[in-house]
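Listed next as structure tokens is one chain, alone, in the form predicted alone.
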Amino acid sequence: MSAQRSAQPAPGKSAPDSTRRSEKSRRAIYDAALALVVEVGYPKTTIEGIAARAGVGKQTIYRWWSSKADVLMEAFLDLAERSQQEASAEPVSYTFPDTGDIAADLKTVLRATVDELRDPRFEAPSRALAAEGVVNEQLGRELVAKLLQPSLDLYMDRLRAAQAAGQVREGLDLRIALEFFISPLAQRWLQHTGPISHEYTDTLVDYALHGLAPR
């Protein structure tokens, strides 16, 4: 009886909130993973290092994730969601705007992408993961599947709607058309070949939709 009694909370005190404790640990792990991949790079980031930085046991990490790649990608998605929540009082919506004007909608989304890529919280971990994904094929495929592909699918859905509305020519390979918007921006950002700005992405949209030949 004495052992059972000692395990009960003291009078006037509530039992620890395991949900709150788990969320605190998860947040510490996210922050530690993002910080380490910036400081030491992806290859030298380890589960042990993340655990030590976060102040948790590595078994805690393995209970929630199977690899450091999974930790980092979830941490990155969480960072993106928190940033969107901070930027807007509205609930986070994972949809592509459809105002009926494909040019305006593309410009809106690409401007938001520029803002995210220039956000210091995103830029360093994004570059670290993207750079490693170039030389590490398995990681690169995981990054595309888990981080990039969901966004590409939204672009594709919007382009199909524009095509159905007669704003995009029939018969186009929309996956190739999509690259006119996102690939130049990604290259310029990753390789520092030029500045990225709202004006730049607006121009990408105009060139992609109207072409380079005289009208």
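Numbering starts at 1 and follows the sequence shown. No experiment lies behind these values; they were computed from the predicted model shown.
One more form of this protein should be noted, the form predicted in complex with a further copy of the same chain, which is absent from this view; the next part is about it.
Contact with a further copy of the same chain, judged by heavy atoms within 4.5 Å in the model of the complex, is confined among 64 to 72, 167 to 175, 22 to 30, 46 to 54 to 167 to 175. With a 4.5 Å cutoff on heavy atoms, residue 181 counts as touching a further copy of the same chain in the model of the complex. In the model of the complex, a further copy of the same chain lies within 4.5 Å of some heavy atom of residue 128. Among residues of the shown chain, residue 81 is not one whose heavy atoms approach a further copy of the same chain to within 4.5 Å in the model of the complex.
Using a 4.5 angstroms threshold between heavy atoms, residue 97 stays clear of a further copy of the same chain in the model of the complex. In the model of the complex, 144, 148 are the residues of 144 to 164 with at least one heavy atom within 4.5 Å of a further copy of the same chain, listed from first to last.
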